[in-house]
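In the form predicted on its own, a lone chain appears below as C-alpha cells.
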C-alpha cells in the first residue's frame, strides 16, 4: 500500500542524504466529463483572480477562482461532421476523425498517450472511472459507444470503464480483486505503526488522517447501494425480484460520484496513479436526479425527465442539474486542495480539466466547447484567468492538449489537428 507525501521521507525515487529537501511532487492529470453541455446563457467567466465573475453554472466553483483557467472558443473540426451526440463525443480527448456505418474508430485520447509514457512507472498507469453504464446501441449510423467513452487506449479500443467503486478501490490497493470483505489496512497496520515512530509529528498527523480516509472510503463502499433512490432508466419492476449483489453499483448518484472522487483522490495521494478520467455521465445521458428538488415542478425531484431531454431546455431545473455537476467538481477540488505536498497542495500539482462535448444541449452547438482547468500543474499553469478564442484563428482544442502534455514533459510534434501549443497556457 502506497504512502502519501511526507515531509520527513524521501519520495518518488529520491536518493538523497538524510535531512535534505525532497523532490517536488509529480504533476497529475484528471479529466472529468459531463454530457449534453450546459445552460446556454449561464456558462461564462470574466475578470481575473479572486475578482473573476462567474456565470451561475460555475458559481459552485467560486472559492477556486484564483486557481481556475476558463477557456472558451476551442473546438474539434472532426466532431462537427456528424452533428449528433456520438460523433461529438467519441473524439472529445483526441480530435480524431470518427468512423460510422458499423465501424468503430476514433483516436488514442491524450490521457492515454500520457498513460503510455508518463504513467508507466505507476502501479496503475491510468484509472478510468464512470458513473453511468456505456450504451452499446446505434444512433443515426454512429455507435453509441462514442457517447459513452472519452478515454481511448487505441483508435479502435475505448478504455474499459470502472463503474463499481469496490473494484476501482481494489485495483488501486489490492494485488487482485477479491470478494472478501477485508480491509486493506489490516495487512499494513504493523508497518504503519513502525513507520509512525520514524517520522515527524506533522507526518504522524498526516499518516493518521490518510489511514482514516482509506478506512472511511472502504466503509462507504460497503454501505453503497442501500439507498432506495434509482437514477437512469426506469426498471420494469418496482422492486428487484432477485437478491441484490453485495458489490453492486451505488443507487444514489450523488454518493456514487463522491465515492469515485474519493477513490480518485486516494490514487493521486498515494502516487498509485497520476492519470485519471472520470465520466460523470454519458452524452445522451439517461440519468435522473430525484435527489434534486425541482424548481419547475414543486414538490417533486428532477426525475420527471432524463438528463438528455432536460438539456433541450434552458429552464431552472436544467441549471440546477448543471450546478449539481459543478458541485461534484468543487468537492473534488476541495479534497485535492486540502492535501499538502510541500509548499503546494495536491490541487496545485494537478491539472483538473472539466469538459463537455457541446456548449448547450438545446442547440447541439460544438463550435466552441466548454472547458475549465483547475489547479496549477506544479506551478506551470497560472489560474485566475478567462481565455476567449472566439473569432480567432487556429481554435483547435487539441492545441490545449498539446500544452497540457507539455506540462508533464510529453511533447509530440502534433496531436489531433493541433500543430502547436496554446501560448497562453
Partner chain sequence: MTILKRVLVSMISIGVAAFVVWCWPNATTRPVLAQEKRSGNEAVFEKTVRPVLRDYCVTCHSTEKQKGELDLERFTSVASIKKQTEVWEHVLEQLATGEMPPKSAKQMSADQKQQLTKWIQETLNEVALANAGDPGPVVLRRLSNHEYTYTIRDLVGVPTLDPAREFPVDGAAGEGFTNAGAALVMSPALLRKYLDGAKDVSRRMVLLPDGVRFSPSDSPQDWTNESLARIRSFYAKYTTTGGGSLTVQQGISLDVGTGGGRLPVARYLDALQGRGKVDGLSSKYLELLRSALSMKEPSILLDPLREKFAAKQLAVADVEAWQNALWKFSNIGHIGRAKGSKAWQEPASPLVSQQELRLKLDGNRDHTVYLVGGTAGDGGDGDKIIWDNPRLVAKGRPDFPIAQLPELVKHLETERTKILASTESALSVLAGGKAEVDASILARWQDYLGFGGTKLEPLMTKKLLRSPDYAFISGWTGDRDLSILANSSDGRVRIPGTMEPHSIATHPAPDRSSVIAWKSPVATDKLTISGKVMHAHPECGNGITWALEVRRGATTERLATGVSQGSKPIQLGPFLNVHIESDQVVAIVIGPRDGNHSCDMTAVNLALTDGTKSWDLAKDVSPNILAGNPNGPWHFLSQPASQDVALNLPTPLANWRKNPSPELAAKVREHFQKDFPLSHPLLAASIRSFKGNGEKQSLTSQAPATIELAIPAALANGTEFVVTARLDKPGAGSVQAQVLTQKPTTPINSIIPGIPIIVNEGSPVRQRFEASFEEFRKLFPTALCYMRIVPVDEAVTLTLFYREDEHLRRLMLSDSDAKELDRLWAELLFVSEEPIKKVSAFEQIYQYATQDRPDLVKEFDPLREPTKKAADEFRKQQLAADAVQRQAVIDLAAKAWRRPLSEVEIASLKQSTPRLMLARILTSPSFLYRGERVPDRTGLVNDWELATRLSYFLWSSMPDEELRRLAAESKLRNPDVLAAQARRMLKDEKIRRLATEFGCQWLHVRDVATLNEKSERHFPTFATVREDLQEEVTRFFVDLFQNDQDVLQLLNADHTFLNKNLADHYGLKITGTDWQKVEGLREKGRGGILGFGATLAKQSGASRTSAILRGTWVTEVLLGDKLPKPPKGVPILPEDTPTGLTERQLIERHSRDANCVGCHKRIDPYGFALESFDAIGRSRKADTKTTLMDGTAIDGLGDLREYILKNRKRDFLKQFGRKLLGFSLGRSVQLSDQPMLEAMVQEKEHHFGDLIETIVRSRQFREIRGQNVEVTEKK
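Numbering follows the first chain given and starts at 1. Here, rigid core means the biggest group of C-alpha atoms that superpose within 1.5 Å across both forms. Please read all numbers here as calculations on a predicted model, not as lab measurements.
Here the subject shifts to the form predicted in complex with the partner chain, a form of this protein not shown in this document.
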Could you confirm whether residue 160 comes within 4.5 Å of the partner chain in the predicted bound form, counting heavy atoms only?
-> yes
If you check in the predicted bound form, is residue 164 within 4.5 Å of the partner chain, heavy atoms only?
-> yes
Using a 4.5 Å heavy atom cut-off, state whether residue 73 contacts the partner chain in the predicted bound form.
-> no
Hey, in the predicted bound form, is residue 118 touching the partner chain, heavy atoms inside 4.5 Å?
-> no
355, 319, 305, 326: which sits within 4.5 Å of the partner chain in the predicted bound form by any heavy atom?
-> 305
Just one of 333, 280, 339, 221 has a heavy atom within 4.5 angstroms of the partner chain in the predicted bound form, so which one?
-> 221
In the predicted bound form, which of the stretches 189-197, 258-266, 272-280, 341-349 has residues with heavy atoms within 4.5 Å of the partner chain?
-> 189-197
The partner chain in the predicted bound form - contacting residues of 266-300, heavy atom within 4.5 Å | 286, 288, 290, 296, 297, 300
Classify residue 218 as shifted (yes) or not shifted (no) between the shown form and the other one, where shifted means its C-alpha moves by 2 Å or more with the rigid core superposed.
-> yes
Once the two forms are fit on the core, has residue 209 moved its CA by at least 2 Å between the shown form and the other one?
-> yes
Per the comparison in the predicted bound form, the residue 209 and residue 343 C-alpha atoms (change 3 Å or more) are positioned farther
Compare the CA separation of residue 169 and residue 204 in the predicted bound form with the one in the displayed structure, and answer closer or farther (the difference is at least 3 Å).
-> farther
